[in-house]
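Taking the form predicted on its own, here's one chain by itself in structure tokens.
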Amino acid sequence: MTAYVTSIWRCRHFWFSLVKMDLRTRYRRSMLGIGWSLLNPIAMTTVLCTVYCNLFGMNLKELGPQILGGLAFWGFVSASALQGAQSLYQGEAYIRQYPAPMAIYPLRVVLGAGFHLLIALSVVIALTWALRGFDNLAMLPTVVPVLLLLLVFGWSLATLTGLANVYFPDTFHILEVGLQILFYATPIIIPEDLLRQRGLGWMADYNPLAALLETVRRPLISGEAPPISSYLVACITVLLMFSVATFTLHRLQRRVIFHM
């Protein structure tokens, strides 16, 4: 493992260049540039806040940052899964020519998604300060280790979906459907308190993504520490995902090229 991680670090200039190339290609000749990555969650947050505040009488100061933070989190998870599914095919030309560690291709996707996540979370913090004040300042440093945990989760997810898509080409389409279902099963646009009032609290209790979301969103918005149980579930989820991803990659990385 140490030798493998060292080999990834030796290739750091290579995969940093790939990430920069992806970002430049995505926003080339665009007037808004990276602003396009924020337009969808901001527009969706505006629409949902308008609907919820009028239909259910919810507080905009509470609801706005909650929804925007959830959409930022979900954007990272869905990008890691969907773009990760294409990551090995995207790097096929490099895989055939350059014997770099296979782990760098999912890493390429996750670093790009992580960059957009940081931009989105900065907007969440700005919105929180504008609507709720600066009560969350003391808790902001606690988000840094959680973001590192989320980065490991994203890499593990991208690795597994990338390998699955090589062996089962329908994986990408299955993921699109599955993520759509999981989106509504996670308290992203529907507050957790509302789910519990309707007897649907189990959707948050038995969904490990809800615990990950809680560890990111609550310190940023409420300025409160999440329950220890949320940290515990999040750590166990990431550890299991990482273990499965590294084991699967170790077993299959030398044979993947023959299936592409």
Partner chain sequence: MSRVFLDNVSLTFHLRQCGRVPFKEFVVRQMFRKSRNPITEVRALRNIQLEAHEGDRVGVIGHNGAGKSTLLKLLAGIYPPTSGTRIVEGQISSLFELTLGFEMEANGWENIAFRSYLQGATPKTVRSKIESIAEFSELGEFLDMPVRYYSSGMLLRLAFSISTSIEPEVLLVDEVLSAGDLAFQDKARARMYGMMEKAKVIVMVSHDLKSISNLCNHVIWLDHGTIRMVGRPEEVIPQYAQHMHKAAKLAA
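Model, not experiment: these values are computed from the prediction. Residue numbers count along the first chain shown, from 1.
Below, we turn to the form predicted in complex with the partner chain, even though it does not appear here.
- Task: Spell out, yes or no, whether the shortest heavy atom distance between P169 and the partner chain in the predicted complex is within 4.5 Å.
- Result: Output for P169 is yes: heavy atoms within 4.5 Å of the partner chain.
- Is I174 close enough to the partner chain in the predicted complex to count, meaning some heavy atom within 4.5 Å? Contact with the partner chain, yes.
- Query: Going by a heavy atom distance of 4.5 Å, is R24 a contact of the partner chain in the predicted complex?
  - Reply: Yes, R24 lies within 4.5 Å of the partner chain in the predicted complex.
- Message: Considering non-hydrogen atoms and a 4.5 Å limit, does the partner chain approach L149 in the predicted complex?
- Response: Contact with the partner chain, no.
- Message: At 4.5 Å between heavy atoms, only one of the stretches 151 to 159, 115 to 123, 95 to 103, 129 to 137 reaches the partner chain in the predicted complex; which one is it?
- Response: Heavy atoms within 4.5 Å of the partner chain in the predicted complex occur in 95 to 103.
- Task: Report whether all of H13, S17 and R108 sit within 4.5 Å of the partner chain in the predicted complex, measuring from non-hydrogen atoms.
- Result: Checked in the predicted complex: all three residues contact the partner chain.
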